[in-house]
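Single chain ahead, written as structure tokens, the form predicted on its own.
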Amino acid sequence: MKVAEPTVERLVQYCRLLEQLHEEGRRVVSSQEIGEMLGLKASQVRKDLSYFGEIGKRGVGYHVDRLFDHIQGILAPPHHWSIGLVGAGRLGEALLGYKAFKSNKFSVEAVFDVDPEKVGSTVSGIPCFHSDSLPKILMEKNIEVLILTIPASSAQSVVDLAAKAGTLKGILSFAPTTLVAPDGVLIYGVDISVELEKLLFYLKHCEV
């Protein structure tokens, strides 16, 4: 099933909201309420949720726990993912300290950097290795996903080196550059400057 990226993003939002509602003791929630809490149209919420099979009841709404389990099942990975993070600078450390990085779906098994003061130590409790050892550590720990929080100038060389391990399946890159990876390796880029430009563009046109 091919699912549009915005739909996947909304599913993640639904999942987080439902988890919050569960913690608050809510039992039932309507598409109207979900939409209001997330800034979406109720019709969009219903469309997204019905796309993966009807689970709500007209006039009743959605059972919070049942819908949460339903969406969790849709988002659930085929197995527990082992992740490596390259770049133990401020952004890398901030990501490792982010609450959402504590998940039963994945775990960061290794950090890589070239700073001799960081190599051999731990970053947020995770062992830090020299970037030159990427292929070796990726194979040893069966790391399939890499997060890149490094300068654009070194990102492609890191991808080329990591690809030698043969375990890599996906890359989440914060480096503002286009990367090329072997067939079978999915790259998802997060360019913060582009996202900011998009926000400013929409703000500009909201003022008109």
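From 1 onward, residues are counted along the sequence shown. Whichever C-alpha set is largest while still superposing within 1.5 Å between the two forms counts as the rigid core. Here the structure is a predicted model, which is why all the values come from computation and not from measurement.
Below, we turn to the form predicted together with another copy of the chain, even though it does not appear here.
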{"item": "Partner contact for Y51 in the model of the complex: another copy of the chain, 4.5 angstroms, heavy atom", "value": "no"}
{"item": "Close approach of I171 to another copy of the chain in the model of the complex, 4.5 Å, heavy atom", "value": "yes"}
{"item": "Contact test in the model of the complex: G73 vs another copy of the chain, heavy atoms, 4.5 Å", "value": "yes"}
{"item": "Heavy atom of P77 within 4.5 Å of another copy of the chain in the model of the complex", "value": "yes"}
{"item": "In the model of the complex: members of 92 to 123 within 4.5 Å of another copy of the chain, any heavy atom", "value": "E93, A94, L95, G97, Y98, A100, F101, K105, F106"}
{"item": "Core-superposed comparison between the shown form and the other one, E197 Cα displacement 2 Å or beyond", "value": "yes"}
